[in-house]
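Below: one protein chain in two forms, given as structure tokens, structure 1 then structure 2.
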Structure 1
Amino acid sequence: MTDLLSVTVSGLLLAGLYATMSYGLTMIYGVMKIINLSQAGTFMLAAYVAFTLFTYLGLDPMLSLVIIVPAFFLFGMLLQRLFVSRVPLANTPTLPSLLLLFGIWLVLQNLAYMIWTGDDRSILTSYTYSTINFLGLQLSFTRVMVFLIGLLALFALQAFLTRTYTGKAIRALTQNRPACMLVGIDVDRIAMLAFGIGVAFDALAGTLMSLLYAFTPAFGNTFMLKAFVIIVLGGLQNYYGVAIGALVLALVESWAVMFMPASLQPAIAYTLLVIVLVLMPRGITGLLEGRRTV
């Protein structure tokens, strides 16, 4: 029973990270109807930047977020302006956009191999192995912090999307692009900002991951696919759906470890991806509401 409880709690903590890493994908999908295949590259790059800042400047990864997140926001806008804005958009993702972003991922990954080599890296802080006691459960301090930072980011995103002009424009663009152009929203500028915010969220998630996992330049692939499972579960462009999808995947993965070898765990997300795509392309929220809303 305590096993089940502790596995469930760690699943909940994991869900925080999963949701954080999926919001970028959902925002970019919503605004541009593009599947950001370069996301894994951003996770990996952010982890290495955090690693470099930690190793050479002694900067704690949680503090370095103050530098990393804005830097990747600019990086994302640059990517969008230079490359992504040049491929034609449609109501569903197009293959050129998929191949383009995949090419960018390949470039990022192999640049990282040249800069940081293929050795396994990890970030060991003074608190990596410390735990805190919560309701009789020993919880990893890092995991709790990652969860809290993720939660904070989600509240910030929520406020941004509902309170600011840009946020409202992003939501409007997600719903109806032609109507946005009619009412005079600068769709190109909003698309650039949304891509920047999406990449900034990916960088936030990548930095948090660097605290929990060891990484190589090939890192991020698994997480990107998980993020994709999550947003499909959530109905692709529904921010609340993403939170639900993250929770479902995290809990399923955590519980599954009780029944099967941990080394098979990555296969769960991959298999779930195919099943979800084929059987419920509109996600859990689609099943619940019968109609997709944002």
Structure 2
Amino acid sequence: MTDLLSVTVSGLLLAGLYATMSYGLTMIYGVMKIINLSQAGTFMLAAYVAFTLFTYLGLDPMLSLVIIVPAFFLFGMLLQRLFVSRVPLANTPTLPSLLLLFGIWLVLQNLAYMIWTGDDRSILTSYTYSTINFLGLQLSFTRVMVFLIGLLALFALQAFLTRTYTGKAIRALTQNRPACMLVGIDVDRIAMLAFGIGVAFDALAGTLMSLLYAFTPAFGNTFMLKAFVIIVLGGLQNYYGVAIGALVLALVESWAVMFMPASLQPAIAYTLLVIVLVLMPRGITGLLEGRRTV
């Protein structure tokens, strides 16, 4: 029973990170109908920036978020203005957009190889191996802090989307772009801001992941695939669905470790993806909405 409780709590903590790394993908897809294949590159680059700030300036990775998140927000807006905005818009992701963002991912990855080489890097702080007691369980202090920071960021995003004009414009653009143009919303500016916010969330997630995992220039690939599974599981454009999808994936992965080899854990996400695409193409939230209307 204790083992089950420990694994469940670990899954809940992991769900906070999974949700954080998926919200950026959801926002960019919702506003621009583009799958951000450069997300893995953003995860990786943010981890290396946090590593550099920690190694050479002694700046704690959690404190470095005040530099990294705004910097990547500006970086995301620049990417959107210079490159992504030139891709023809469509109701579904197009091959040019996929190739463009995949190319950006490769550029970022190769820049990382040039600057930081391909050696494994990790960030070891004074609290890396610290634990806290919770209900008789010894929990990693770092994982708890990562969960709390991710949770705070999600609440901040929700407040922004529901209580500010720009946030409401982003939600409106997600639902109906032509209607937004008719009522005078600057859709190009809103799309640029949304892309910047999405990249900033990816950078936040990459920085938090650097506290938990070792990383190389190939870092982020697996997490990007998991983020895609989560948004499909949650319903693509549904922000609440992302949280549900992250919770489901994290708990299933955590529980599965008790019954199967850890080496098979990555297959769980892809198995869930196949099941959802076949049985619940609109995701969990779509399934729940459909039942309410019956």
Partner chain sequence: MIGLASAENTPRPVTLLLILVIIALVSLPFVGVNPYILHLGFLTFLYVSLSSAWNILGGFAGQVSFGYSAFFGLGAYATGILWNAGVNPYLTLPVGALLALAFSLLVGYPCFRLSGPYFAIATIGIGEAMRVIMLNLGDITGGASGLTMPTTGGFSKTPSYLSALLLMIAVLLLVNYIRNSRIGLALLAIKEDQDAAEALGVPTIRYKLLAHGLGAIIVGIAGGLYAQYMFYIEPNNVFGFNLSISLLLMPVIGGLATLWGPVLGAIVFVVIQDTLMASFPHLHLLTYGLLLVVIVLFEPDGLMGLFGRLARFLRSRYAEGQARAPSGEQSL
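In this text, rigid core is short for the largest set of C-alphas that superpose within 1.5 Å between two forms. Start at 1 and count along the sequence of structure 1; that gives the residue numbers used here. Here the structure is a predicted model, which means the values were calculated and not measured.
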**Message:** Of these two forms of the chain, identify the one that is the form predicted alone.
**Reply:** 2
**Item:** Rigid core superposition, residue 12 Cα moves 2 angstroms or more between the two structures
**Value:** no
**Complete:** Core-superposed C-alpha displacement of residue 271 between the two structures, in angstrom, equals 3.1
